[in-house]
Structures are given as structure tokens and as C-alpha cells.
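The chain below stands alone and is given as C-alpha cells, in the form predicted on its own.
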């Protein structure tokens, strides 16, 4: 029996709770997906309008970035009401309609859970800041000034100190992100159970799980000690003290019991910046009953030189080495989330590939090596079209709070504006946030009004409409990859083994499940490369079938590979 004749019934026996091993998740950033009312901002009704695109792609799960009520200091990741929809995006009725439409198409929907912090406009914080005696004072981290300034030397992720003095009581509150995003005090059980009640409310409404924003930051080191100040830096590195805190896993296990037990086929994925392979196994080992999987940041930090806004091109093999390290680390216990991009990362074809001469080839090669690893793949909106970074002209074109804060702080510290803009052009989060490119009409079919952020000018030729039905398109290649995961149990359940192909530019690996074997070989460079493979291995693959490629490939596994050429063999 050939691989193409196999069915999911051939997969190892598993509980319904592990359905996500064969699934593909698609992330929607609602503000930039589809506008339905002409105000230039994407909304829930716009998402409903485009669901057939996702059904055509074949994805199983939609992850919805925040649509809760928010002042939008950080584009919705500053939440002022967890149980209301922001009017920018619609209403609770619109949300119910979206859930129905998603479920009617056989897909699931998970929401973004942002509970390390709230908005400073959330009623909890408004009460907390009202007086030192307020019952909710301890729901956040308040501290007395130290020597007339911040209580410790931590730096915010968004530049500047991680503390802001509140004039109402004269004390400082902690915010690891923007000052408008005060951190919740998870050591207070009232906070935790308020969060759990809110989560159960959404699950009762029909949501199928959560992606948990910076969930490994919810437990802080008692005493909030100073961080080490690196040479030439103004602030200390608080990360070792506010990440992986002493009660983190206790809280996640409590959440599992209080929220998810007995509810069936849900999905929980945690965003965990800075996590190590050993720590990742703790989160996602099913025996520990915490999360199904986590997002790690190893591969998206490889090109950082001195922070994310001073970056470099990766050397051949660096990306493959990172992928392999995580495949090996979570092989026996745990599960990988596979991703190239999201709302916080630049476009992968511009970052890791070649978005000029080899745009299509590099977009499809990167997608192939990602989707055919062991783990659950995530597709960020527009990635399935090969959307690229945007040629913004100057700082006035940007909208992202992280980008704007970095520019302001860098200039205040004496940095050269032109040099600062170069770093921003490579790594700003705004690259991921320009409107999805649906067709060649005005604003790429995203809105009939003026979009909240400029559309990439290449939408005239790079758009979904132009790619539908074109077998050589990026979109149709993604469809084929998703189909392989659904059709061939070896993709979801097989082992992973990296193979040395004699050149660091070549990423080759085998996936094995019982008698079924896949061999993936990709040239992740813009020059020709010839694999140097063991003769016995080459002989074993004589007669192997190429089941997917992004070019006119020679059948031998050791044939020369063109720039960004990828081939998938089955036997």
C-alpha cells in the first residue's frame, strides 16, 4: 500500500484530546484581515466574509488575536473588558455569528488570552489605583519609591523603565510592557479565580481553547530583585526574575483543573519567550497536565545582535539547526508549535528567505521544511500568500508602539536616526500588520475606506485572487502541505531524524512511522547546491516517489538542488 492510500486510521491510537497533532492553526490579526464597514479597520464580520478562504486552504483551527474591549495602546493586547467585544471589531452577537460560521465549516476557534496584564483602563486597575486601602490594591504589583525613583531597575519590553509612578497614591506599578499595561499579581488567588471565571465564560460561549500571551511571565520572583545591568545599558535585565517564576507550573496546573477538565477537545498553547528546551518539556508533557504546546522563541531570536532592532542575516544551517534542536528535545515528551511568523515578527520570506529573485521558491521551501516537522504548524495571515516586508519610507509610516518607543528612546540616547530606521525596517512588528492582500483592487480588497496602516504596494501582483488555482503559487503549495498532514499519518505522528547532506545550506530529514517513510530535502540558499548523501541511503531511495516539490525536480535524492528548491519523497 502506498502512502497516498493510507488514512488517519493508521495513526497511533490517541485520545480525542490529542486531535491537534494532526491539525493546522491559522492566526488572524483582526485589525488587518478584512474590513466590512469601510472604516479602514478589520472586524468580525469581515472575518466571516473571508472564512471560505480558510476552508479552501484547509486549516483546522483559527486563532483570533484580541478582539476584546481595549483602548488600543498596544493594538488590543491592553484589555479593559475581557467579556465585551471592542466596537472597532463588532459586537458579542457578531462574535457568536463568527463562532457559528467557523463551526459550520468544521473548524475550531481559539481566542487570545492576555492575562499577564490588563489595560490601565480595566475596572480592576481603576479600583486598584484609587487608594492604597482598596480591596483590589493587591491585584497588581504596587511598590514604594526607592531613593525617589523606580522600585527596581527592570527595563520594559517596550523600552524605558518597567515601572510608572501613579500620582493618585504616589506609588509605582509594574508593567513589563507599555505603561498602559499593568501586570496582574497572580500570587493573589482572587486574581487567578477571576481569570478562570472569565475563561469558563468564553468556553461556555463556544470557544475551543486559548493561545496564552506571555504566560510564562505570570509568576514573579518574590521581592522583585534588581536585574544585572549590562555594560552600556541604562536598565537591568529583569527577565531571570519575572520569567519562569517559582509558582508558574502550580498556577498552570490549577488552571487546567479549574477551567479545562471535563470539557473535551480543546486546545491550549502558551507563548513563552525565553523558554529553554528543558522548560518547554515541563509545559507540554501531557503527564504534567499543563498546556498542550508552547511557542518558543529560539529561531526568531537567532538574528538578533543587540536586541531585535539590530539584526543580521542568518548563516547557512542556523535555522535548520534550531529546528532540529527543538525536534530532538521534545521527541519523547512534549509537543512543538511550528511557526515562521506571527503578529510580532517580520515576514518570513523577507527575513529567512529571498523576497526578490527567489520569492516563490523561498516562501514554499521554508513552508515545506516547517510543516513536515513533528508538531502543530501555525500559519500567520498572509504567510500562505508569501506576503513580504513593507518598504516603509520613514518613522511616520509606522504604527506599532514597540517600534515607536524604540525609535524615540534610541534617538534620545544619541543614536543615528538613519541607522535606527535601518534596524526598524528589518524587524518592526508592523510588517506583519499591513492588510491581507486579497486582490488587485484598491487597498488589496481589504477596505473601501482608508486603511489604518498602509497596504504593501506589491499587492497588485501578490494577492490571493491571483494565486487561487495556480499550481505553482505559494497558496496552492500551502494547500498541498496541509493536505499531506491530514492524509498521511507519518507527518503528524512519525519520528524525526536530521540527515547530513554535506552542506549547511541543505536541510534534509526523514520522518518514519512503521513502514511509511518521508524524506524532505531543501536547499535553503540562493545558490545551487548538490547534496552529498551516503551511497547506501541513495540506493534505498531509488524508485522513491516525489510527492511534493516547488520546481521541476530530478528524481534522484542526490540530484543538484537549485536555489530554494525543496523535494518531498515517499516510500
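In this text, all values refer to a predicted model and were calculated from it rather than measured experimentally. Numbering follows the first chain given and starts at 1.
One more form of this protein should be noted, the form predicted in complex with a small molecule, which is absent from this view; the next part is about it.
Site annotation in the model of the complex: the residue of 157, 251, 196, 124 reaching within 4.5 Å of the small molecule with a heavy atom is 157. Checking 406, 485, 129, 433 against the small molecule in the model of the complex, a heavy atom within 4.5 Å turns up for just one residue: 433.
Although the partner is absent here, residue 383 lies well away from the small molecule in the model of the complex, with no heavy atom inside 4.5 Å. In the model of the complex, none of the heavy atoms of residue 351 sits within 4.5 Å of a heavy atom of the small molecule.
Proximity of residue 273 to the small molecule in the model of the complex falls within the 4.5 Å heavy atom cutoff. In the model of the complex, no heavy atom of residue 220 sits within 4.5 Å of the small molecule. Stretch 111 to 119 is the answer when you ask which of 111 to 119, 495 to 503, 360 to 368, 92 to 100 has residues with heavy atoms within 4.5 Å of the small molecule in the model of the complex.
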